[in-house]
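The chain below stands alone and is given as C-alpha cells, in the form predicted alone.
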C-alpha cells in the first residue's frame, strides 16, 4: 500500500498521517465553535437590556468562556488543520513527525478542556484578557499554556514538513502562494506563543503563590503582544484561504505573486505591532511609542491588507473575464456562483473584513479618536467584523469545500448550506453596525447592565443607545441561528452525508480510525509543477486588467475618508476645539 490517496474530485493528494490529523483538528475546532455559539446567545440576550437574561456572575462566566472558545480554541484548532493542508497536501509531501503532531493535538485538547473547566466552574470569570490583579484558578492559565505548547509543536511539524518537501523535491520553484501565506501565519504564531509564555507562565506561578506580584501595566503590554498577534495569525490564514478558494473555484492565480508575497512579508514585520491600539489610554506608556506603533508601523500592515484586498478579487475578475464575462464592470461578479456556500462565504467575508473591519481598525488605531471609543462596545464590534466574519466565515466556506474532499462525504442539507453564509453574515453585520453606533455613544463593553442598577452614582444612556443595543441583539440572535445552521450541516455531513468513499464511516469522519488501507494506493505523487506566469504578470501598461476591482477599491477609499472625518467630528463634540 502507498502513503497517499488522491481525491478524484479535486485532484488533491492526502498523506495518510496528515489525513487524520487534519480531521481531528477541524472537528475539535467545530466543537469549540459550538460551545462559543451557545454561550454567545447568553451574552447577546443579556446585553439586550429589555431582556437582560443572565445575572451578573453568570454573565461574566459566559462571556469569558465565549471569548476564549470563539477567539482562541475554535480558530487555532482549525488553523492547525490548515497548516497541515497547506504543507502536506499542497506540496504533495509526507507529514513530518506525525507522532509529535498527535502529541501537540493532545496538549491542545487537554489544555482547552482544562481551561473550560476552570471558567465554567464560575471561579475564573476574568474574561479573555484575564487582566491582573483579577486572578483565575491555576488551571485556567495552565490550560492556556498547554494549548499554546501544543500549537507550537504543530507549527514546528509544519516547518519540518516544508523542509522535507524541499529536500525530497516534491515541488518545483518556490512554494505555492497559499503555503507561503500559511508560513506567514506560522511565523507570527511562534512570536505570539513566545509572548504568551512570557506573560502566562509568571501569571500561573502568581496564581499558585510562587510570585507575589504581577505589574498590571507590564502585563497588559505583553498580553496584547500575545492577544492581538493571535488575531494576526487569523488574518494571514484566512487571506491564504481566499487565494486557495479563488484558485479552486475559478482557476484564478494572483496577478503578481511577488506583490502578494511582499504583502505577507509586511504582515510578519508590522502586523502584530498594531496591538498598541488596545492600550492607547494607558498612562504608563510614552506617546512617542504609541504614535509610532499605531501610526507608522500599523499603516504598513494596513498596506498589506489593501494589497490582498485588491489582488484577491482582482485575480478572480481576471479569471472570470478570460472566460468571456466581460460585459460592463461587474458581470464577472454578478455571474459568480452565489449559490455555492464556498464562494458566498468567502466573498462576504472579504467584503466585511475590508469595509467594516479594516476601516474601523484604522480608526481605532488613531490615538485621538481612540479616546472616544476605547473600552466601549465599539471594540468587540470591530473584532467581530475581522475575526467572526473575516476569519470564521472564511473557515466555514473552506469547510464546505473540505467535506467532500477531505472527509469524503456529500454535504448534508445542501439548501441549508446554501443559505447559511447569508443568514450568518446578515446577523453579524446587523450586530456589528449597531454596536459600532452604540459604542460611539459611549456604551461600555463587557458591562453586565447598561442601566447601572443599584449604582451609587446613577447614569443613563440616551434612548438611541438602548435602541441600537436592542437591534444588535436581534442581529446577534440571527447570527447564532446562522452559526447553528453551519454546525448542523458540518456535523450532519460527517454522520449522515452520503459516502463518497465506502470506508468513510462514522469513526473515519471523526478521525477515530483511518480510511481503508487500499485507499492509499499512491507511494509518491508526481512533482508539483511550477505554473507559468500569467500575461498580466509580464506587462502592466496595456490598461486595467480588473476595472471592477479598481472601482470597488475606490468605493472603499471614499467610505474610509468619509467615516474617518465623521469620527473627528464626534471627537470635537466631546473635546471642544476653537
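Please read all numbers here as calculations on a predicted model, not as lab measurements. Positions refer to the first chain, counted from 1.
Below, we turn to the form predicted in complex with a small molecule, even though it does not appear here.
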property: Residue stretch of 380-388, 99-107, 488-496, 413-421 approaching the small molecule in the model of the complex, non-hydrogen atom distance within 4.5 Å; result: 380-388
property: The small molecule contact at residue 30 in the model of the complex, heavy atom, 4.5 Å; result: no
property: Exercise: residue 74 in contact with the small molecule in the model of the complex, heavy atom 4.5 Å; result: yes
property: Interface membership of residue 128, the small molecule in the model of the complex, 4.5 Å heavy atom rule; result: yes
property: The small molecule contact at residue 447 in the model of the complex, heavy atom, 4.5 Å; result: yes
property: Residue among 348, 155, 183, 480 with a heavy atom within 4.5 Å of the small molecule in the model of the complex; result: 480
property: In the model of the complex, the residue from 476, 357, 143, 314 that sits within 4.5 Å of the small molecule by heavy atoms; result: 476
